[in-house]
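One chain is shown next in structure tokens, namely the form predicted alone.
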């Protein structure tokens, strides 16, 4: 029985229903952020770029978090900014894992010159710091959400490739993989039916870490001015717009920092719980 089937069996037996408090907290805050991102137009009290007050007004009944550097409602900016940040991070993470995992598994199963060519190309890309690479690429391309997702996802796919290949190399020598080869199964069958279900534990744990890295990455790019462009909002851009207020004791720039921190902790709590629940399933088929 493959690992995916075992996880489903454990769920039906109720073993995965005993969620610890830390995982519940993580699920709550992660779900809250994602729900607010999905329903941002319904939740936000004002428009994303709507000027509704004076500069840096304090918290009040009309503006729970106050206003920003040009008088926009900060809570609304935070909600829409979270929507943009989470969307870009989610799509970039999905792209990196789809690309990196498939290439890593293919390299491990194929071996030979395919493995060598892919691995040396990945080593070449990883020798250049991701932030510098992104700065160079984005400085000569139109900065749109689609471009950000492609650049971030493909750059991060190199890290996923290394992990997926390392895991697949160990799994590919298992007896059930050798049996699939002897049956004449194709490469796609071996990857998706034999290796992938048994490589979920490290990949799921890494996915949580890479998602948070994507949140920090896009926030950093926006803070440097080459990420999400005005009047669009994301958490890094909100920090940049309001950073001067810290000198005057105005904490508008601190709210997105708190949001990033709580999202990072929450996602990691969930990833740790999932990893702990699936670690006991190591060993492939049996």
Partner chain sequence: MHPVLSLIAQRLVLGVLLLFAASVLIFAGTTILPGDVAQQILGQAATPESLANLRAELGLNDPPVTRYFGWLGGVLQGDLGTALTNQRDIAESLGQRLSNTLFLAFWAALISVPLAILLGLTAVRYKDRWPDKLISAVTLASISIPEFLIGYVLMFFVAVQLGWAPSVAMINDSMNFGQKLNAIALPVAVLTLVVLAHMMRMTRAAILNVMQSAYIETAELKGLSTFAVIRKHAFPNAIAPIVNVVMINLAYLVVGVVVIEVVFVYPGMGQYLVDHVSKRDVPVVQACGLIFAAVYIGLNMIADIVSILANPRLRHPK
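We call the rigid core whatever largest set of C-alpha positions still superposes within 1.5 Å between the two forms. Positions refer to the first chain, counted from 1. Because the structure is predicted, anything quoted here is derived from the model rather than measured.
The protein also exists as the form predicted in complex with the partner chain; that form is not presented, and the subsequent description refers to it.
- Proximity to the partner chain in the model of the complex, defined as a heavy atom within 4.5 Å, holds among 48, 36, 65, 239 only for 239.
- For the options 136, 182, 173, 117, the residue carrying a heavy atom within 4.5 angstroms of the partner chain in the model of the complex is 136.
- Here the marked residues 25, 94 and 207 all miss the partner chain in the model of the complex; none has a heavy atom within 4.5 angstroms.
- Using a 4.5 angstroms threshold between heavy atoms, residue 274 stays clear of the partner chain in the model of the complex.
- The shortest heavy atom separation between residue 260 and the partner chain in the model of the complex is within 4.5 Å.
- Proximity of residue 251 to the partner chain in the model of the complex falls within the 4.5 Å heavy atom cutoff.
- Contact annotation for residue 247: at least one heavy atom lies within 4.5 Å of the partner chain in the model of the complex.
- Heavy atoms within 4.5 Å of the partner chain in the model of the complex are found in one stretch of 121-129, 73-81, 100-108, 199-207, which is 121-129.
- Relative to the superposed rigid core, the position of the CA of residue 236 differs between the shown form and the other one by less than 2 Å.
- Fitting the two forms on the rigid core leaves the C-alpha of residue 26 displaced by at least 2 angstroms between the shown form and the other one.
- Relative to the superposed rigid core, residue 224 undergoes a CA displacement smaller than 2 Å between the shown form and the other one.
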